[in-house]
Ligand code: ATP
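What follows is one chain in C-alpha cells, specifically the form predicted alone.
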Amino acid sequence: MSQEQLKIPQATAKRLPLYYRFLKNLSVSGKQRVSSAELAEAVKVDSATIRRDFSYFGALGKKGYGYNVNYLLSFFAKTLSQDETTPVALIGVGNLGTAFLHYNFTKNNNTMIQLAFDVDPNKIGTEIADVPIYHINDIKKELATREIDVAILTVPVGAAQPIADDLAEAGIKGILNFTPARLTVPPHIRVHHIDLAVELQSLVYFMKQYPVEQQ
C-alpha cells in the first residue's frame, strides 16, 4: 500500500524515514520490542504524535506490549519502497555534488547515484567514486536510456531552471533541489527544496528565541 493510497498527512510522511532509520538500528542491535516513549526519545517526536502517525497504518502495536521491531521495520521498509532500488541522477559536480558522489547513500543500500552531469571538461568522461560523469547537455539523451525518476540538483542558481526544464522533458518525477531557486515544473513533478542558508538562519533564530535548557 503506497503513501498516496493511504492519504497520510505530509508531516507524517516526512517522519517515516526517521522511524525507519531508528528501527533499523534497533534491529541490528537485536532489540525485539520498542515502546512509543523509546521511539519518541530517539527521534525527538512526542509519543502521542508517534502513536497518531502509526495509527494511519492500522494496528501496528499492542497496548502494554509496544511495537515489534522487526515487524515495524519490514512494514516501513515496504511503505518507503526500501525493498526496491531507487536510482538517482546528480546534476552538478561541484564541491557539494562531489561530496554526494563520495557519500552515495552508503547507509541506504536501496538508493544509489548512478550517473552525474557537469560542464567541466576535466570531469566529463571521468568517474568519481565509480559514478560516470556526462556533459550537462546530454541529460535528456542519457536519462532516456535509464529508468531514473529522481534527480539531485546542485548547480549554480542561474542554471537551475533550464536544467529543471530538461529534467522534466527527460521524465524525471522528483527533484531534490539544493539551489536557492524556486523551480517551476509540471504539476506531476515533486520538488523538495533544501536551502542550506535558510536552514542555518532558522537554526540560529531558534537557538536565540527558544534556547534549549541544559540538563
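Throughout, we count residues from 1 along the sequence that is shown. Since the model is a prediction, treat every value here as computed from it, not as a measurement.
There is another form of the same protein, the form predicted together with adenosine-5'-triphosphate; it is not shown, and what comes next is about it.
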Inset, instruction - Could you check which residue among 129, 119, 144, 112 gets a heavy atom within 4.5 Å of adenosine-5'-triphosphate in the predicted complex? - result: 119
Inset, instruction - Report the residue, out of 73, 96, 88, 80, that has at least one non-hydrogen atom within 4.5 angstroms of adenosine-5'-triphosphate in the predicted complex. - result: 96
Legend entry - in the predicted complex, residue 101 touching adenosine-5'-triphosphate (heavy atom, 4.5 Å): no
Inset, instruction - Answer yes if any heavy atom of residue 154 is within 4.5 Å of a heavy atom of adenosine-5'-triphosphate in the predicted complex; otherwise answer no. - result: yes
Inset, instruction - Tell me, yes or no, whether residue 40 is in contact with adenosine-5'-triphosphate in the predicted complex, where a contact means a heavy atom of each within 4.5 Å. - result: no
Legend entry - Contact test in the predicted complex: residue 164 vs adenosine-5'-triphosphate, heavy atoms, 4.5 Å: no
Inset, instruction - Could you tell me if all three of 92, 123 and 159 have a heavy atom no more than 4.5 Å from adenosine-5'-triphosphate in the predicted complex? - result: yes
